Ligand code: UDP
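The data below hold one chain only, encoded as structure tokens and taken in the form predicted on its own.
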């Protein structure tokens, strides 16, 4: 793509970031705006990174940092050093980051130290749960960004109340764009259902540290999964598998005839599983959003004490049920007795967030 006056660096390193940036990248190409992708390889497993670029038909990133495993500090530090070197060599008009990962924090910190402007997609999310490293990441990014793209009016208000100094724009979330753009492909191309032995099933995902790194909590969740009245399909994150084995819980799941554990799956497979499931149990923020897409409309039980997607709860798409087995099972039984009618409208936008974001960038940078 030929260079023009706009020159953007996109920083990402995880599966959700690839999905949410895909519509942004397509819009940048539509507008003939030059950009490079710096991929930190925070998700270093092939199925959690490279497969998604191929499946979503995105070009391979220009830069791979290969930061891989490590503590929170190690990952962030390695990414800052790598991004800093690239931005010194190739400065840009704008560094775009998304969400609250270590990669996003590293990108924002490297950019601000070099006086590069920062755009933060999915700004203003708050869980107020300080056990989550993501809560610190997103707050820091918001307070050093120049352009803040908030997905909802609630997140917009949060940013205003915190007196961030950057400009705030309510745009919706590109994940709804992604669902709209990819769902038909998923239905046609994914063959995941041929591997599912259940006609009716619950989709389960869990990967957050406060759930899977705590043996008591993970044991409680496994007990819950074994007792739910409907079979479970469980695409398991490598971190989760490792902890299940470490805490001697893995065999309990694989020995159950009602539970199917899958290795990490592609985005098309995930969309298809979501669409055909009875409901969802998850600690993923992205899945809470995807489940509200008008094309999807699935109810989600959030196995966390708090959520940074309260709009989904307020509109009746999800409910925070914590990690206590009895509480989760009671809520599931009530849901099965009296399933709620879900809205036809997503709280995360109309599927045009990527167009709005790029239009704002063009106008605000005025180059």
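Numbering follows the first chain given and starts at 1. Quick caveat, the model's predicted, so the values are computed rather than measured.
Keep in mind that the form predicted together with this ligand is missing from the display, and what follows is about it.
Novice: Just to be sure I understand the contacts: of 293, 287, 148, 281, which is the one whose heavy atoms reach within 4.5 angstroms of this ligand in the predicted complex?
Specialist: Looking at the other structure, the residue within range turns out to be 287.
Novice: Which of these residues, 207, 154, 252, 126, gets a heavy atom within 4.5 Å of this ligand in the predicted complex?
Specialist: So the residue touching this ligand in the predicted complex, by this definition, is 207.
Novice: Can you pick the stretch from 258-266, 159-167, 214-222, 77-85 whose heavy atoms fall within 4.5 Å of this ligand in the predicted complex?
Specialist: The contacting stretch here is 258-266.
Novice: Does the 4.5 Å heavy atom contact test between residue 317 and this ligand in the predicted complex come out positive?
Specialist: No, no contact at 4.5 Å.
Novice: Evaluate residue 270 for contact with this ligand in the predicted complex, applying a 4.5 angstroms cut-off between non-hydrogen atoms, and reply yes or no.
Specialist: Residue 270: contacts this ligand in the predicted complex.
Novice: In the predicted complex, is there a heavy atom of this ligand that lies within 4.5 Å of any heavy atom of residue 9, even though the partner is absent here?
Specialist: Output for residue 9 is no: heavy atoms all beyond 4.5 Å of this ligand.
Novice: Any of the heavy atoms of residue 175 lying within 4.5 Å of this ligand in the predicted complex?
Specialist: Close contact exists here: in the predicted complex, residue 175 approaches this ligand to within 4.5 Å, heavy atoms only.
Novice: Can you name the residues of 7-25 that have a non-hydrogen atom within 4.5 angstroms of this ligand in the predicted complex?
Specialist: Residues within 4.5 Å: 15, 16, 19.
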